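Only one chain is shown below, in structure tokens, and it's the form predicted on its own.
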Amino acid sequence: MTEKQDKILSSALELFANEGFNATSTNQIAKKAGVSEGLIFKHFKNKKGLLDALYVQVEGKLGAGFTQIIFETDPKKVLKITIESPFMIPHEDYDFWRLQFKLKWESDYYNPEKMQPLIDKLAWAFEELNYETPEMEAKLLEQMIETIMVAILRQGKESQLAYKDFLLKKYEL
């Protein structure tokens, strides 16, 4: 990928994540990236092509975030890493995650199975730890982590530290 393509994608990411896909024009992206609008069309065909390219990057970050959890063999560490993961995301990646949450509402990008590997691993951990309903506990924790993540993206990590401490204590980690 060229430097200009990277600049176009980073500009589109920032605008899509903060202004929304529909509210952002290719003209705005071109101005922010310091390129011609025609260059966007040359490299990405259209605005949806830009979003598709960003979606691939977002999916890659999501997969990378799951890797450590999926390959962990200690059930308590699975829970601890999962709870701490939203707090480990660098601030410079926040736009990727904002876009991820915005895309949940777009039918072309919504994939309800995306979180299943994490839920399955959490269910395994809760089963190993002898919880009565490991699948429900896994789904509950995944929902709590998602809620915490949204709040972090809006209000910062400090706003959610009490929940992190609460969950670590709840699960005796």
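Keep in mind that what you see is a predicted model, and the values were worked out from it rather than measured. Quick note: we count residues from 1 along the sequence shown, nothing fancier.
One more form of this protein, predicted in complex with the DNA, exists but is not displayed; see below.
- Checked against the DNA in the predicted bound form, the candidates Ser36, Thr67, Gln143, Gln116 yield a single residue with a heavy atom inside 4.5 Å, and that residue is Ser36.
- Checking Lys47, Lys32, Lys139, Lys61 for any heavy atom within 4.5 Å of the DNA in the predicted bound form turns up a single hit: Lys47.
- Stretch-level contact analysis of 37 to 45, 144 to 152, 53 to 61, 123 to 131 against the DNA in the predicted bound form, using heavy atoms and a 4.5 Å limit, identifies 37 to 45.
- Lys4 belongs to the set of residues with a heavy atom inside 4.5 Å of the DNA in the predicted bound form.
- In the predicted bound form, the DNA lies within 4.5 Å of some heavy atom of Asn27.
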